[in-house]
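One chain follows as structure tokens, the form predicted alone.
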């Protein structure tokens, strides 16, 4: 594994399981036991029903579609200069929640709203694996 020089997440206590599952190449999110709402990012209160019941971590299909995206053509951090151009998208998962990630495996000019995508995992350090999305 080569040296990774880009910023990495700083997980909260609530978000730590998400990153642990990513390390195992599993995309899991919290599901409220009261109303069934699947939420991301993780938290202690359900944003849908306001339940404080302990959430269950459910495995998602990894399938989704691009809800919105932006193409970076300028490096705002020198660590990303070698990636220009690159896309950051809001992915609407098949199960409902949205998450932000990079779109990889295609030219940025081919990315469209509604494009079906699936999760892949990139082991960037011994501690972190990042979820990315590629065309399905």
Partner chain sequence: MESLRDKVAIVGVGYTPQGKVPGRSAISFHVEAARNAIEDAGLKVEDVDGILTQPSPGDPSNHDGQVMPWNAAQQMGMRVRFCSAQTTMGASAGGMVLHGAAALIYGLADYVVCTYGESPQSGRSGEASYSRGWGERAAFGWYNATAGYAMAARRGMQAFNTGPETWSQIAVAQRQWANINPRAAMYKEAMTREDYFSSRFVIEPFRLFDICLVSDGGRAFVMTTAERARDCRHRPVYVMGVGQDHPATNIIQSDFMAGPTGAKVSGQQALRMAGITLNDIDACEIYDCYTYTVELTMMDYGFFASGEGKDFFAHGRTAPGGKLPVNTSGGLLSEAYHMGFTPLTEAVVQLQGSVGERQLGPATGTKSPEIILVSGNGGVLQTHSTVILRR
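Residue numbers count along the first chain shown, from 1. Bear in mind the structure is a predicted one, so any value in this text is a computation, not a measurement.
Only in words, not in the display: the form predicted together with the partner chain, which the text now covers.
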| item | value |
| --- | --- |
| Contact label in the model of the complex: residue 9 to the partner chain, heavy atom within 4.5 Å | yes |
| Heavy atom of residue 31 within 4.5 Å of the partner chain in the model of the complex | no |
| The partner chain contact at residue 98 in the model of the complex, heavy atom, 4.5 Å | yes |
| Heavy atom of residue 121 within 4.5 Å of the partner chain in the model of the complex | no |
| Contacting member of 53, 88, 49, 106, with respect to the partner chain in the model of the complex [4.5 Å, heavy atom] | 88 |
| In the model of the complex: members of 46-70 within 4.5 Å of the partner chain, any heavy atom | 67, 68, 69, 70 |
